[in-house]
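In the form predicted alone, a lone chain appears below as structure tokens.
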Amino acid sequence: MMQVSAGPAAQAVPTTRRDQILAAAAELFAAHGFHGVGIDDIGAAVGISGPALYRHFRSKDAMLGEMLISISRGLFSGGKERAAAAEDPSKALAELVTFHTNFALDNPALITVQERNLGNLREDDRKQVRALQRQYVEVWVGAISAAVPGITEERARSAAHAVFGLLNSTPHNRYVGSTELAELLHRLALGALHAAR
């Protein structure tokens, strides 16, 4: 049975002022949209003036870029590590599902920001995020292909994207508690992936 944990997939408690600013910005961007939040709003959320934020970030765009690049880098490296450490293909796939489920449940604001604000990134940041996302998808494609006999690469890629949609729906799905939701998402995701052959 899959368990929700506060392990590596969990959002780290912000320890630096920079981390605190990014965490506050994520919550505000998720609630009000990127364009609905000003520098003064973010500053007020962390107890400093808006202009003081410029000591940490050159702009609101830079905050969004760092936030989404960091998410994408963390998902790629975390997914790659879990898939490589698993004992067999079925366990690798289950580990990826657990990892992404925990990330989505622990970071609903980041999931929402990533879903809504990719188009607000500067071009160079958007390219970097897209490249990291493609690499993460390929980790999943490899795991699905190894665990689901007879699946084509195209179907494995389509199945991975479908499961991301399911797991990333967590900010909109809080009808049951986190543990029950995690277990439900885990069963649904693995069932869908094995049905994709």
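Residue numbers here begin at 1 and follow the sequence given. Everything numeric in this text was worked out from a predicted model, so none of it was measured.
Not pictured, yet referred to below: the form predicted together with the DNA.
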query: Full three-residue contact with the DNA in the predicted bound form, heavy atom 4.5 Å, for V129, Q135 and V139; finding: no
query: Listed residue that, although the DNA is not shown, lies within 4.5 Å of it in the predicted bound form (heavy atoms), from A162, A52, I69, A146; finding: A52
query: Contact flag, P171 vs the DNA in the predicted bound form, heavy atom cut 4.5 Å; finding: no
query: 4.5 Å heavy atom contact, D61 to the DNA in the predicted bound form; finding: yes
query: Non-hydrogen atom contact A45 with the DNA in the predicted bound form at 4.5 angstroms; finding: no
query: R17 within 4.5 Å of the DNA in the predicted bound form, heavy atoms; finding: yes
query: Within 4.5 Å of the DNA in the predicted bound form: residues from 21 to 42 (heavy atom criterion); finding: V37, G38, I39
